[in-house]
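The form predicted on its own is given below as one chain in structure tokens.
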């Protein structure tokens, strides 16, 4: 990072991540929607290929605590996934969870060296604080976390039930911070920022969360038996078991309300219901959580709100009123309006209120507060009204998601480093341009429909008995199959230069998805927001004017062929058989595993991302390099693309005609593909092919000897 001195302030140059050469890919909608902007497309594709450890590395590069997010992320990426326009979004969080669990993420131990002397204090250990400490330590700063409770984690520990986030997962992630050299001080409630500055801390990051429950503003809400939702969850998570009785209602429609209701069920409450003043469509809680709550026997009462609470005969008499939806509010949601004369009574043992939370910044901090008691900060620098004091997370935004808090912590670490190094921060810019636009109906119609592989959960009757984790991780087959549904948005084809295009319309004819178009000037255009990156047009273009925006296959195939030929020459391998095999089938689904196991003694395999991208030139080059036999193996019915086998067969027929002209047997080139019945005969078919090639090779050797 370069800098220049101007008026005593150093201004940093723009530090956008550099793209790989010739990489013109666009940022897909899932990555745009992710607060951390994780490279989702990349790790999903690596998972589909069975390259799990590489996928895990991509995940860890973009997220400091992927194990936590794999359990509790609200996955906004899935809402933005364009696969949802075809059938159903990719189960991105489930794929990430599989990679984390399978790859042994908990064994990773990040290291950091101290390269700066300025100490930083992080007040609070929620997700924003943990992320800020992680990234500051990676940048080389000495960091100390101050936590008021006896254990770290903030709302991760005291606000999220253990059935959603197992404590061993949280403890393992936090342990990484100590292994990096982050100093931890628990049972250390900070009451004075001035004292921290006097202790030598050059910067302070306030991430005190939003733990204070909001009041309903109704008569009797302070009665015994009325419990704040955040307080209730905190007590349970800290090991206490509040006595609730047999009938409990929870007021609210957010995730805290649903968590409180499901926690009450696990504490043995026989009848639990949720009262929400709007309809289900307006409910902000995660839909998956709401559905699971209903499966566990929790009743949802919509368009209803309490108006009064009375304590009588050891019970609560709660008066409620029916609501109807009126005009939209400033946020776009329709306002609930009481229906006159619609009051009804609820007789309860306890009432849990979860209508929102607010931060509680001590007045001694001396920071300026805004609406909802949130801390006011500069939107660019994240600084408060006090020099060297920054704030982020729920304390600034109000209650937000875990992944949003992690993003705030990462951004705060960068801003604090800018401050300590006397740099003025530039507005953040994305590394890639974003992909925009929906899929056209004709494109959607052409895409193969593949049902979403939903991950399993424990049976409702079993999971409601205790706080054991309820989500079951994918097995290998489900994870790979789900990952293969990804459309690889933003990686489509592009024309190198219009002057190279011969306007032969071959791309229009061969595209399985009807993407290329002629514009008004008569030039061919390939809309990147529609292209499915199958590569058929790239291979079939006679002018070689089309490339993929993120090229990989051609260079990869060329390198693999060169390596195979060099190895064969050095080892004097005869006869040499070269196979181009679908990489997903070899390492992902395993449908071609039989071929890989048989790849020995003269058989060499070139993994390719799709057999549709194997060109006729590749096959001919293999023969020119000395191969006696060449084969292509695709994953057949498991292929996520349309018409792959058709195009492979077309090219094989073309190459066979060339072989015949060279007086070589066309049977030296074969195509293997899996069938709906299974793949158990793949190894046998390859063995038979190799034996046939051996026979042809022996015959040619004998003929040469006779001619001598």
Partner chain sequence: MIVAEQKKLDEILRMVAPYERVLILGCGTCVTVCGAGGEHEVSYLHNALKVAQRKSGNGTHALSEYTLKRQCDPEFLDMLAGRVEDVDAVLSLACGIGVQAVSERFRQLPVLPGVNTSFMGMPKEWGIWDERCAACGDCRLAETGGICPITRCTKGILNGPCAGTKSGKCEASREMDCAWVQIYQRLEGLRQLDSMRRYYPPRNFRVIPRPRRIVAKSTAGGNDGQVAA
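All of these numbers come straight from a predicted model, not from anything done at the bench. Numbering follows the first chain given and starts at 1.
Just so you know, the form predicted in complex with its partner chain exists too; it's not on screen, but the next bit is about it.
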Contact segment among 616-624, 80-88, 367-375, 143-151, judged by heavy atoms lying within 4.5 Å of its partner chain in the predicted bound form: 616-624
Could you check which residue among 160, 226, 541, 355 gets a heavy atom within 4.5 Å of its partner chain in the predicted bound form? 541
Since exactly one of 240, 387, 502, 472 fits, which has a heavy atom within 4.5 Å of its partner chain in the predicted bound form? 502
Should residue 510 be counted as a contact of its partner chain in the predicted bound form, where contact means heavy atoms within 4.5 Å? yes
Quick check on residue 57: any heavy atom within 4.5 Å of its partner chain in the predicted bound form? no
Would residue 647 show up as a contact with its partner chain in the predicted bound form if we use heavy atoms at 4.5 Å? yes
Close approach of residue 506 to its partner chain in the predicted bound form, 4.5 Å, heavy atom: yes
Stretch 649-665 - residues with a heavy atom within 4.5 Å of its partner chain in the predicted bound form: 650, 654, 655, 658, 661, 662, 663, 664
